[in-house]
Each structure stands twice: as C-alpha cells, then as structure tokens.
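The chain that follows stands alone, in the form predicted on its own, written as structure tokens.
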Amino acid sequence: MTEEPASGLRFRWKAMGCIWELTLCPDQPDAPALAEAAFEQVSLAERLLSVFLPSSDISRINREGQSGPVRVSPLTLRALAHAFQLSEMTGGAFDIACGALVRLWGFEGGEGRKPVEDEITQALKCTGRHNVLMDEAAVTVRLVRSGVRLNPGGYGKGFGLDLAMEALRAAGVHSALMHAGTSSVAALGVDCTGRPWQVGIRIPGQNEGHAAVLELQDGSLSVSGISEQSFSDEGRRFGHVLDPRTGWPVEREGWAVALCESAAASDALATAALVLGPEGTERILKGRGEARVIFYDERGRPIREVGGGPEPGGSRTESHVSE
C-alpha cells in the first residue's frame, strides 16, 4: 500500500513491529505535537494488546485469566467487546480468541510448523469467543478453561489507528492520513489539495507494477493475503491466516482489501474475507451498509467486489499503472 503524492508533512513511528506514517497538511498548527499525541495512542494500543509485551493486558489475561478475573484497562475491554462483535458478525471467521491455534501453527513470532490432527482438535477446544468472560462493571476478563489464549492479530493495528484518529479529531484536526506498516490505513477528511486521499494498492505478484487507486475520506481500508507470512510442508503452502472454525490455515490464493469506517473493523474484515471467500463475505455484508471488500487474485488482478452501500468518503477503485 502506498500513498499517492500529496503535499503534506510526514511523521514516522515504529510500533507493533512495523513503521507507521502520519501525513498532516503543511498549514496544520502544532503539527509535530499533534503527531506525537497520535503516535502515543498507537503506543498505548500496543501496551494494552500486544502478545509480545509481558506487561500488556492481553499477556496478563493469557497468563492469569484461567485462575480468575484479570482487571484490565477500560480501553482493553472496549477493544475486546468490539472484536467479539466482529467475530459474531463474521460467523467466527474472525476471532481473536484463537491464540491457541496461532501458537500451535508457529505463527506467534515463529517460523511456522504443521501440527498433527490431534493437536488441532485440542487447540480448537480452547478457541472461540465463548471461552472468554468479560465483566463490564468490574472491568475484568476471565478465561473459562486452561489453554485459551487471545491474539489480537488482524485487529490491534486497526485499533491503534482508530485511537490515533480519535485523538487527532478531538484536537480539531480535519485532514490526516495514517498507515500502519502499509497494510492498514485511516483517512480523516480530505487531503491537502482538497481532494479525497489517494491510496495506491499494490498486490505482490506478476503484475506488481499495476495498482488500484482508492479514494478515502473519513474511512479506513486494510489489505490481507496469505503470502504475507507462510511456510511450505510436503509441497503445500500454509499461510498465517487461520480459520478459527476448522483450525486450519486458509489456502485460498490472492488478497482481500476491506473498506470500513473503522480501521479495526477493516482489519478484521480483511482477515475474515480470506477465510470466507467472495460468496461468504457477500452473505455477511448483506444489509450492513457501507462496508465492502475487493478480492484480487494471486497476480494482483481484481476479481470481485462485494458489499457496500454508501461508500466511505465516496471511495472508489480505478486501474492504475505505476511508471
């Protein structure tokens, strides 16, 4: 994912294992301070949701949640409640309570390994939103059985983007674009020339020079594909996108680009779309307003678009060839 040229001030930050970039207009007062405040929200999301930080709320839940309720930040509870709503909407195709499966397949910071069927069966017993109990009044989270793990992959970066956009909006900013490692992007208002933000989507493959251009205004989009992280075993390629319902990685080739108002929702929907495919994604999006997904094949060619009522900020796709 790349931003199309637009006059602006760019600020960079490293968090969640990737580079984040924020674009503000040159006439924005106190731009460096605003950027710092936005990136602090990203760091806050990481401190709450990262499975790689032992002190994070998610790590404490995974470590202590089987023994009893774990008190967490209200923001963590907000994130979990939203993630579980998305799990319900997708019929379980997206579910952050699949950490046991992620770890089993070696995708929690590892190289990837193919487990045996019995291991998958056991991990499935520890997978699913029903294994997590939240108490909103006490602001606590409890895991109902040993072995249950939360893993906010496919959600955490989007949540960080949402918090950053909220901070900028609260500070009176009307124009901003922020991306998280080029896989998710959130737009506030229009760009510095008064047009919707131009975001170029390049899908790796034989047609890598070709791109779709999407115009974003007060909306978000995320890109997901199995080739982002994968391994091969006996001639089969297994990607990091797991189907929480079966316990197996998605073997569907290609990419999904999801557009939603919320960056956390677009993150989750892009992941679920790879699991569900075009037909399944169309079913879950029916009657749900503006959310939509564009599917690309493994060579970067658009093959189908599903969902969508009024588009986020008038978003649209156009063919584009990079010089």
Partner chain sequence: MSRNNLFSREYLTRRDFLKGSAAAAASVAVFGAQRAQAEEPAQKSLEEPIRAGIIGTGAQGTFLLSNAVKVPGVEIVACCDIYEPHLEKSLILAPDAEPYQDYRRLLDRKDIQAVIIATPLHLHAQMSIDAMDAGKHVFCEKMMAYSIEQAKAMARKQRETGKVLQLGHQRRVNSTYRHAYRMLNVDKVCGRVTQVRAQWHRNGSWRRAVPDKSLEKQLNWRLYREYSQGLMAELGSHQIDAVNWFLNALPVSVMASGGIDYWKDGRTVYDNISVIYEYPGGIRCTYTCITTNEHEAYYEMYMGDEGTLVVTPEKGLLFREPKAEQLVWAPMAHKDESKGKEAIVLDAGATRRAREGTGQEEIRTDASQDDYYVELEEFFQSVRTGKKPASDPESALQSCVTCLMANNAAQTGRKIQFNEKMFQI
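From a predicted model like this one, the values you see are computed outputs, not experimental measurements. Positions refer to the first chain, counted from 1.
Unshown form predicted in complex with the partner chain; subsequent notes refer to it.
Each of His82, Leu133 and Leu188 comes within 4.5 Å of the partner chain in the predicted bound form, counting any heavy atom. Scanning Ile120, Cys192, Ile226, Leu75 against the partner chain in the predicted bound form with a 4.5 Å heavy atom cut-off leaves one residue, Leu75. Only one of the listed residues (Ala97, Val250, Leu163, Leu177) places a non-hydrogen atom within 4.5 angstroms of the partner chain in the predicted bound form, and that residue is Leu163. The partner chain in the predicted bound form comes within 4.5 Å of a heavy atom belonging to Ala138. Interface membership of Ile61, defined by any non-hydrogen atom within 4.5 Å of the partner chain in the predicted bound form, is ruled out. Within 4.5 Å of some heavy atom of the partner chain in the predicted bound form lies at least one heavy atom of Arg169. Of the heavy atoms in Val51, none are within 4.5 Å of the partner chain in the predicted bound form. Residues with any non-hydrogen atom within 4.5 angstroms of the partner chain in the predicted bound form fall in just one of 193-201, 111-119, 125-133, 242-250: 125-133.
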